[in-house]
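This document starts with one chain, in the form predicted alone, laid out as structure tokens.
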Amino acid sequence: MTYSINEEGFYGAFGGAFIPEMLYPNVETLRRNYLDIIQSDSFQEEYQYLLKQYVGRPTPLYFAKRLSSEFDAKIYLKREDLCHTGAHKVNNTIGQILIAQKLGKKRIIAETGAGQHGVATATVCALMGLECIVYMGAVDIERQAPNVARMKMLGAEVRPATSGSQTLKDATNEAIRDWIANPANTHYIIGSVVGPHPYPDMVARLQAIISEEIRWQLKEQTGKETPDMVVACVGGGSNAAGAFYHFLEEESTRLIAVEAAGLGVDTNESAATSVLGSKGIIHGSRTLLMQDEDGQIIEPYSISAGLDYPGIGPLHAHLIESKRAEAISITDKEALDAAFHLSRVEGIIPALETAHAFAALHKMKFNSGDSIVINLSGRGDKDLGTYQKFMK
């Protein structure tokens, strides 16, 4: 079985481009050009330069000694929290801003949940001198106030989404409406491996730098390129796609996708799509999503704004359905406990999203001495307000 996208933009049964006619020219222009642009020498030269000199890549692959001792395994942390802007999101926005320039787009829009993608988009727009509008759910604006302030300081306009649950899904809806209204001069920088083809593939390719580095860094430290497991949290799933990318065909490496169970998968307050979802279409692609019998989206819930999404990217839907990836659901409490534990054992405060991946260690079965890479996708500064409510 292959885990790559096909010519029609599908991973198995998932993917495609289900879009209104008004968006067809924009999406089709992107589809026809994105691979040629990404693979061109001029793009790669500028992209690699900015990743190294601006973002701060390569990020370390850190052997977590105390955590490893506790779980009797060799646990390595891919330190995406050390990227400029504090998360993996900037890998994608750097690449997409260069693509937008090649396509002659002067106005940039984005959606954001936890705010990290919004900050990363505002950052590269400031770097390139482009107009930036970020849509964010009104609830997320309140719970992620530090990132809202960062976006505004960087010159972005933050527009609240006040419909539905006022979170990531609704911000995405508003961004798509904007794109429909302004197709000629606007590029929509989607922050995850979701949306119509070619976005899931394009974002995965731009985030693949994560697993590319993991391979040579792990070989440098252990003599072996492939770990026994790669663990990453999944909302839409861009950090997981990047961490999994260069291991997709390595069947000996287990891929662990960690979702937000919220208050529990049986409470109606959850975002565990692999457990609660079924096949459907959301934001331009066919994937797994939480929906009722009539196909209406069920509002997700998670304490972490970045995982508060009713679907997952089509790549992850395919990986989970084909059993190439294993899905684990983590509750709010389990994620909070893991965040405090990592902070006090390794001196690293993770983002709430990332904390879900660490909580999964308690639910995984592995052998003594197994090598486990956890993608530490973001730092926890933005979540200190939430953490303070639970400090003992």
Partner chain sequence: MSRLKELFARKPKDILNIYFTAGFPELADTSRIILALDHAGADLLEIGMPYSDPMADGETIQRSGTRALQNGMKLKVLFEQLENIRERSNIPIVLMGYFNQVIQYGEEAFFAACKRVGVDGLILPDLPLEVYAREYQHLYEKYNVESTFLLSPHSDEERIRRVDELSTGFVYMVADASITGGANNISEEQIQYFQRIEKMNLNTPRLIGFGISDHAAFSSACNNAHGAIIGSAFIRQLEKDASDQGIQDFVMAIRGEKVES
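Residue numbers count along the first chain shown, from 1. What you see is a predicted model, and the numbers here were worked out from it, not measured in a lab.
What follows is about the form predicted together with the partner chain, which we do not show.
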Triplet I176, I281 and L289 all within 4.5 Å of the partner chain in the model of the complex via a heavy atom: yes
Any non-hydrogen atom of E8 within 4.5 angstroms of the partner chain in the model of the complex: yes
Given that the partner is absent here, does P20 sit within 4.5 Å of the partner chain in the model of the complex, heavy atoms only? yes
Within a 4.5 Å heavy atom cut-off, is T267 in contact with the partner chain in the model of the complex? no
Would G295 show up as a contact with the partner chain in the model of the complex if we use heavy atoms at 4.5 Å? yes
I need the one stretch from 221-229, 83-91, 123-131, 296-304 whose residues put non-hydrogen atoms within 4.5 angstroms of the partner chain in the model of the complex. 296-304
Identify which of P146, G155, P160, P183 has a heavy atom within 4.5 Å of the partner chain in the model of the complex; exactly one of them does. P183
For the heavy atom contacts within 4.5 Å of the partner chain in the model of the complex, list the residues of 298-329 involved, in sequence order. none
